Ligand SMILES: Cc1ncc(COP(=O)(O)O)c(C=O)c1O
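For reference, the chain that follows is the form predicted on its own, supplied as structure tokens.
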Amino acid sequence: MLPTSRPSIGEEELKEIKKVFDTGWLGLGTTVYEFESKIKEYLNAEHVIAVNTGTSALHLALDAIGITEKDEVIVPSLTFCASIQVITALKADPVFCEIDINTLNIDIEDVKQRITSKTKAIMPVHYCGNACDMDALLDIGRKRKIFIIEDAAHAFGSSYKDKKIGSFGDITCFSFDPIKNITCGEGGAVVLSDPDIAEKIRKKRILGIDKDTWHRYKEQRSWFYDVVTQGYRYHMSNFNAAIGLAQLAKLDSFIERKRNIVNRYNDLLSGLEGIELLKWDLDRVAPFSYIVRILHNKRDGAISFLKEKGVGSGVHYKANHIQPYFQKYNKPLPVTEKVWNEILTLPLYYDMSDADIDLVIKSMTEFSKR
């Protein structure tokens, strides 16, 4: 069964992990700082703070800008539930907004209608790796004094116009979990330009302590530290950063191969009966996933048909405003509800063979003719 996604890992990652083992320092240390430095260089960013998950990155970002009880954060409903959980964890209120049916990215005009005096942040999601309209979002943020916290879990390596996602804007949060554009095994990063917020996040990622363990041990009084703010155990380990360093060296080849796969899918699935493709900006996107819309209430049938052919598929994601835990925030979102019943994720990963790609295309073609 072809999976929808799979990491590409090998001897290079093992070699970097061995270097960490040889030092005997597995936690937060020099390998993490090297990983942060490499990301900073790649993105041309001011501050990069590596953490243990993309969810932690979002939580730290919202916490550091002061999101608290009864504040509102505008967020698309069609996203992984982590985007919503970090809002409710701070006792703030998620305000669900609509998406563009052609890209699955945040609908700017709908966002404008949902802003109130309680709105403290907007959290766009760069779906499948395609960038949202950041000019429009940042303009809203400047005029209304609202933070734009980018959920870029899908978009490491993508660009908006001629700027890398993470190289501009307020705060950008990345995920490096097992299936993202690069993996650390588990991991994430917060990227931003504001030095004061960056310093808050650095302290908060390691329990609010003024100095992390590595820097304490370099000094004479290694046992001495001050807890200066509310914090969490969200730091990245050297072990995970080592995997990320090896993956960073492969990123360009990952992007090129996945762009080629998306191009082939787009060429050969375009025009099939009952199947709608998303709009792609392949010159600027680092593709994370490949999603189509199956029309006429046949999505679930497509999942079963593909399974019979040995092709895995999925649905990313169930709309959050209809999730049981978020019912108190439920408001009608007709576009999102339509899309959630149609979207289908097809296999997309670096190590797919040409034969794998042909199997997906052949199976989808056969399904469209039923």
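Position 1 is the first residue in the sequence shown; the rest follow in order. All of these numbers come straight from a predicted model, not from anything done at the bench.
There is another form of this protein, the form predicted in complex with the ligand, and it is not shown here; the text below is about that form.
Partner contact region in the predicted complex: 172-180, out of 158-166, 172-180, 290-298, 192-200, criterion any non-hydrogen atom within 4.5 Å of the ligand.
Taking 153, 236, 106, 149 one by one, only a single residue has any non-hydrogen atom within 4.5 Å of the ligand in the predicted complex, and it is 153.
Scanning 33, 305, 317, 326 against the ligand in the predicted complex with a 4.5 Å heavy atom cut-off leaves one residue, 317.
Of the heavy atoms in residue 125, some are within 4.5 Å of the ligand in the predicted complex. The ligand in the predicted complex is approached by residue 53, whose closest heavy atom lies within 4.5 angstroms of it. Within 4.5 Å of any heavy atom of the ligand in the predicted complex lies no heavy atom of residue 61.
Residue 129 falls outside the set of residues with a heavy atom inside 4.5 Å of the ligand in the predicted complex. Taking the ligand as it sits in the predicted complex, the stretch 83-102 comes within 4.5 angstroms of it through a non-hydrogen atom at just one residue, 83.
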